[in-house]
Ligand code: NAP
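What follows is a single chain, given as structure tokens, in the form predicted on its own.
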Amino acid sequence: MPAARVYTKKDAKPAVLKNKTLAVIGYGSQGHAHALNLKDSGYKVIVGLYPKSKSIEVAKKQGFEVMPTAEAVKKADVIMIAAPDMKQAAIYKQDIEPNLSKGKTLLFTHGMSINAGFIKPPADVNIVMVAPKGPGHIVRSQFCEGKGVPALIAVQQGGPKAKAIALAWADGIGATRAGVIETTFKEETETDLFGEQAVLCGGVSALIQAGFETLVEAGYKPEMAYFECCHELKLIVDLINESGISGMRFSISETAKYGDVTRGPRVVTKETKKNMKKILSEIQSGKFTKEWKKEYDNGLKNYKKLLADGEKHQIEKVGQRLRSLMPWVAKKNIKGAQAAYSAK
């Protein structure tokens, strides 16, 4: 397959958003970053939130006109939905759909709601996606430094005009400074879910815990197991991030390299890859999305139990104690921050 084209600043036409009102619905991680970057790029941006949202005062202090979601949709030409996946359909049905009119553009940062059919917009509105490949705080900080985070764009409805809007939006948040690649809602959704489940989150978490358990069960100190199976992972990931897998291997010892290329395939086996393919097929068929929606609609009981079980794992207690001995590691109360964000 040929390499994807990378769009840069010269490909964007900011004029397509000139004199238009851009609404960001939600003011969480991605929402606040898009809103601030677009405002700093000279566009008229409003923020739509539900009446009791704790983000209202935050957005106002940062210079935005804040209004109820339905009103924001009425006033805007381009509407970005920056709410969690499983909340989007309800927000769309209640506040967005009744206020959409011909020619408006609905913009997503992830393709699930459209790809799964949770949201079915009318044929006379543009449906686009602008998905930065980084968390909101990085999208914002890179923009402030005069840089940018790469992004994906996609057009579900609207053709060339819709693509121009997506590129201009990507340019407004700084993505064209780094590079923008075109994809589809289907491709973005399926690859994103697969990466999260099989490698980045599910795969890595399970690998770390299994390695830790193997050493502890063999009689080694939990502290040693934590250092070797969790703490040092960042060093390796940083090397891969900077120079690729080959670059990482260039930087480690010969002993580590030999163990890597001879033992790694015994951990991630043909059977492992077979299970990865099964995970991918469940994503492609919609089985995972249906399962997740059912879990969400039923109150997230199993989801909460599995998360709680993970928090009780020995590696969490050992890690917390060892991190307290490392002044160079930034300490963050992620759980507390998540609770605050969820309450917004």
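Just count from 1 along the sequence shown to find any residue number. Every value quoted in this text rests on a predicted model; they were computed, and no experiment measured them.
The form predicted together with this ligand is left out here; the points below concern that form.
Chemist: Tell me, out of Ile127, Ile91, Ala198, Ile165, which residue has a non-hydrogen atom within 4.5 angstroms of this ligand in the predicted bound form.
Modeler: Answer to the contact question: Ile91.
Chemist: Among Gly259, Pro265, Pro135, Pro98, which has any heavy atom within 4.5 Å of this ligand in the predicted bound form?
Modeler: It is Pro135 that has a heavy atom within 4.5 Å of the partner.
Chemist: Give a yes or no for Thr109: in the predicted bound form, does one of its heavy atoms lie within 4.5 Å of a heavy atom belonging to this ligand?
Modeler: Yes, Thr109 lies within 4.5 Å of this ligand in the predicted bound form.
Chemist: Might Gly319 be said to contact this ligand in the predicted bound form, defining contact as any heavy atom within 4.5 Å?
Modeler: No - in the predicted bound form, heavy atoms of Gly319 and this ligand never come within 4.5 Å of each other.
Chemist: Is Ser53 close to this ligand in the predicted bound form, meaning a heavy atom pair under 4.5 Å apart or at it?
Modeler: Contact check for Ser53: yes, within 4.5 Å of this ligand in the predicted bound form.
Chemist: May I ask you to state whether Ala12 is within 4.5 Å of this ligand in the predicted bound form, using heavy atom distances?
Modeler: Result no; Ala12 lies far from this ligand in the predicted bound form.
Chemist: Among the candidate stretches 271-279, 300-308, 285-293, 27-35, which one is within 4.5 Å of this ligand in the predicted bound form when only heavy atoms are counted?
Modeler: This holds for exactly one stretch, 27-35.
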